[in-house]
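A lone chain, given as structure tokens: the form predicted alone.
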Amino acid sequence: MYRLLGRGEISAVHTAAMEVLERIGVVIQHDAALKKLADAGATVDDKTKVVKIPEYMVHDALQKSPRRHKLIARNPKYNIVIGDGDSYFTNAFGAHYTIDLETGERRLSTIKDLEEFTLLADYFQTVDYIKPNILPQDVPKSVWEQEMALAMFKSAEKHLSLVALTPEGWRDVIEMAKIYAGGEDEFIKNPSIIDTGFNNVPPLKYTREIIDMVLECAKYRIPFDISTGLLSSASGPVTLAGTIVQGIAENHAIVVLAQLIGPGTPIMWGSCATILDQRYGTAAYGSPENGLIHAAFCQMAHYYGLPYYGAAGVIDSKVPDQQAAYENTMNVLLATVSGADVVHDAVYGIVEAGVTASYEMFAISNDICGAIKRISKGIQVTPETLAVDIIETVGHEKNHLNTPEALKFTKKHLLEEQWQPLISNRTSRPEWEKRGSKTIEDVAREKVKEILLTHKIEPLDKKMESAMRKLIEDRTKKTKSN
């Protein structure tokens, strides 16, 4: 496993982060949260909303925050345990535009795109749980979160991570999740049927709206990720060490608050941070520095006993090309070999740094991430896999293709030993030419169309869907009447 920071460096980073929390503090624009923090021992400036948190409060919160927790899926075979030592991959999040699968033109994203990308994520084996790949632009903003939640509930059997954009919308989504879980009592027993995530407003600040939604999660103990969103050299220091220090302080403020409100609330502690490319004024998510930031944050999360969640697969390229492939590969691989518990944005069906969804890139990234998962599995060394008896049976004159015992051995171990790509081409050149000399983008487009036509899931219960639709209609009426 890759270790970027030495023990002394981890200690130095921790000490600096605690100094930032205690001496500089974090702005939390929420009076009730500030009172809770003050009552627990923090120093609060009511005028500036700055809270300064002593190290002992961080230590107490970390003791209450689970090291492992289950994410529950509609189909139990897709349940996963975050913090069990494996790296789990999500798809991408939040595209406002989509490259049309038929025309190849860039257009505004739709709710149909969200349903289709969710269905693809349900199909792709590399996606362990599903984020909203699309922010549909054909849905009223007053019911944005609610319509997105329903579209995803209908389109997948895997665990769903739903978007929380406004306190009112998030409360509605929680009510929909209660329906999805089979009622309020079932939801209270199993709140991890959904999760969500939050970013701060760097540097060192949280809005009232974000804190409201964090408090709702803590109330029910709904799992969530908290990920610093700073840009190195813009909303955080240019030095990567300083970036890590500031991010720790920002994340820990929420860990402390959440564990005061709902002790035991599962938190995935993470980063959406990267560098600002000073030449262009753009966030460089496909940069090698992004990978280093994830590797360092991962070590610090595990130092604190928390599962790490890193947005590591983001692509800066505007199209699914060679740049997109190497950017996706570089940082997902680094996050995975560093031991990230969740590699968010790994199977990245978006280009242009989170702006434009690409069906083709989603399928290409599925192959990239399949290879990375195989690499992370390593080599299994057992008396059987060492294969001495089979080597002896084959001997010097036969081979493993014409020896029955060897063929049986190959059949037994083939799929666990050798990764099988979905769209990557491994044929001979004459065979490739015979099939039309198609690029990987061509093959990806064809494969996506095939999946959308053939992949079927267990339909959402009609009564559940009707109840959710009524909730959305009621919210729409309330919005219009106001």
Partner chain sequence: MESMIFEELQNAVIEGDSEKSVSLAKNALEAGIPPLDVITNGLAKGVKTVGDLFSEGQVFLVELILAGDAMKAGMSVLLPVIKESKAEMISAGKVMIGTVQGDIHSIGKDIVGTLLEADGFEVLNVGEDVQSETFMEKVKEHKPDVLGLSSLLTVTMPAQKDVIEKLKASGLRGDVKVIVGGAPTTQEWADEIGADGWAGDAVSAVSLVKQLIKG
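Positions refer to the first chain, counted from 1. Owing to the predicted nature of the structure, the values given are computational and were not obtained by experimental measurement.
This protein has a second form, the form predicted together with its partner chain, left out of what is shown; the following refers to that one.
The contact residue chosen from A387, A234, I188, L101 relative to its partner chain in the predicted bound form is A234, the criterion being a non-hydrogen atom within 4.5 angstroms. A heavy atom within 4.5 Å of its partner chain in the predicted bound form is found for one listed residue only; from A151, L240, I179, L276, this is L276.
For its partner chain in the predicted bound form, the listed stretch (151 to 159, 93 to 101, 77 to 85, 328 to 336) containing residues with heavy atoms inside 4.5 Å is 93 to 101. A residue is said to contact a partner when one of its heavy atoms sits within 4.5 Å of a partner heavy atom; P383 fails this definition for its partner chain in the predicted bound form, lying far away. The closest heavy atom approach of I111 to its partner chain in the predicted bound form falls outside 4.5 Å. Although the partner is absent from this view, Q137 contacts its partner chain in the predicted bound form, with a non-hydrogen atom inside 4.5 angstroms. Proximity of G281 to its partner chain in the predicted bound form falls within the 4.5 Å heavy atom cutoff. Residues of 352 to 385 placing a heavy atom within 4.5 Å of its partner chain in the predicted bound form: V355 alone.
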